[in-house]
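Below, in structure tokens: the form predicted alone, a single chain.
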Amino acid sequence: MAADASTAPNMSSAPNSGRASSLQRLARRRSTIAVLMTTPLLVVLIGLVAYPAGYGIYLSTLNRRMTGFMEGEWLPTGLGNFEILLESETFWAVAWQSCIFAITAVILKALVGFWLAHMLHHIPSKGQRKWRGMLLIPWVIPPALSTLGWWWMFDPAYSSINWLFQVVGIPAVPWLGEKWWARLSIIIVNVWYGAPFFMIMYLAALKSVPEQLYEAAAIDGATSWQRLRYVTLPMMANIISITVLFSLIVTFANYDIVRVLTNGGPRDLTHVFASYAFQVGILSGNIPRGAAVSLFMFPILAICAFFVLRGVTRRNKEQM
């Protein structure tokens, strides 16, 4: 009996150990399958993102003849392009213009997109689908084609906007011929193109806000502005932050609008990092320096991403 009692636990543990080993094999098999299924995506990311980024860093360390820099007085080999750019007034003007363009355009897109989303949210479902489809058209059209249409409207000889101004007695505006008007033109086109993206993201966020919160706020006597400030915006904070960060990255790297609308003019005063890198690297034939120009976007965007994502993490912890 004692022997039977001593062997009983072993007999009962045998099925459990067999079950545990089968679960372990299943887990290993699932992880293997997961790795195999993600391999094509990893190959694409390495081939289209990691390798070009690494090669761009390597190119930025070369000179115009695609050879290495000589040892400088205080800079190590390979930083000659960055030294030249930091001493260039044109580059600092491009950096200033890029920041003005990106920050102003993103703020306006966020405001316009939120206003459109708020208006659509209060339209009945049938009419909402129709308006949502129409308002998404600017975002669906290829940017180069839509920018070409805007170029015709801003062109001094064929400007339909200036023609309308003259009809009502307003002087013609040099949209693409004067520095600040040209900058404003680029921002207008970018807002027209990008605001629908903010609209659809914010509309989805508004749909996810529980109606019970609005009902409780109304019972407490909250006004519409207070409901917006203390209910809607806190519930949408993470979506707003992520959308702004994504749009900031895309706007900083914007090329087609500047290239089609102004080509960096007048006098290189509307260039952004992407268009200036193309001009220096491709049109001027200095590929290493063009790569160095493009790399200056990385620290700016990395700092913005750090603060935005830290805010999202902090809010998630507070909600938990």
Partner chain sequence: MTEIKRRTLLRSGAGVAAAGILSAPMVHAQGTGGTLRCGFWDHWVPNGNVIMRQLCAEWGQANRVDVQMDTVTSNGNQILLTINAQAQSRTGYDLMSFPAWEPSNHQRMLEPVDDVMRNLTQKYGAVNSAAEYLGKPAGTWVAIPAVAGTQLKPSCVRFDLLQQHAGIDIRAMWPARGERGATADQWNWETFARAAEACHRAGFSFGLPMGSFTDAVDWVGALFNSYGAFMMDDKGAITVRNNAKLRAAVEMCARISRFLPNDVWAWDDGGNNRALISGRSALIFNPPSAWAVAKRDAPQVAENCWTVPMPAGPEGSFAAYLPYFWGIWNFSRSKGAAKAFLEWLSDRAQAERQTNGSNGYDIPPFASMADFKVWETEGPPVGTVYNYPVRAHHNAKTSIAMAPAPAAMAVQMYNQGLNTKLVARIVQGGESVDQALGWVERELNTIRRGG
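Every value quoted in this text rests on a predicted model; they were computed, and no experiment measured them. Numbering follows the first chain given and starts at 1.
The same protein also exists as the form predicted in complex with the partner chain; that form is not shown, yet it is the one meant from here on.
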| item | value |
| --- | --- |
| The partner chain: the contacting residue among P234, P156, G127, P210 in the predicted bound form [heavy atom, 4.5 Å] | P156 |
| Proximity to the partner chain in the predicted bound form, single hit among W151, F197, W192, F246 (heavy atom within 4.5 Å) | W151 |
| Contact test, all of G54, A253 and V272, partner the partner chain in the predicted bound form, heavy atom 4.5 Å | no |
| Option from 87-95, 201-209, 226-234, 113-121 whose residues, in the predicted bound form, bring a heavy atom within 4.5 Å of the partner chain | 87-95 |
| Contact flag, I282 vs the partner chain in the predicted bound form, heavy atom cut 4.5 Å | yes |
| Any non-hydrogen atom of T38 within 4.5 angstroms of the partner chain in the predicted bound form | no |
| Partner proximity in the predicted bound form: R267 to the partner chain, non-hydrogen atom cutoff 4.5 Å | yes |
| Residue contact check: D220 to the partner chain in the predicted bound form, 4.5 Å heavy atom | no |
| Contact set, 173-210 vs the partner chain in the predicted bound form - heavy atom within 4.5 angstroms | L176, G177, E178 |
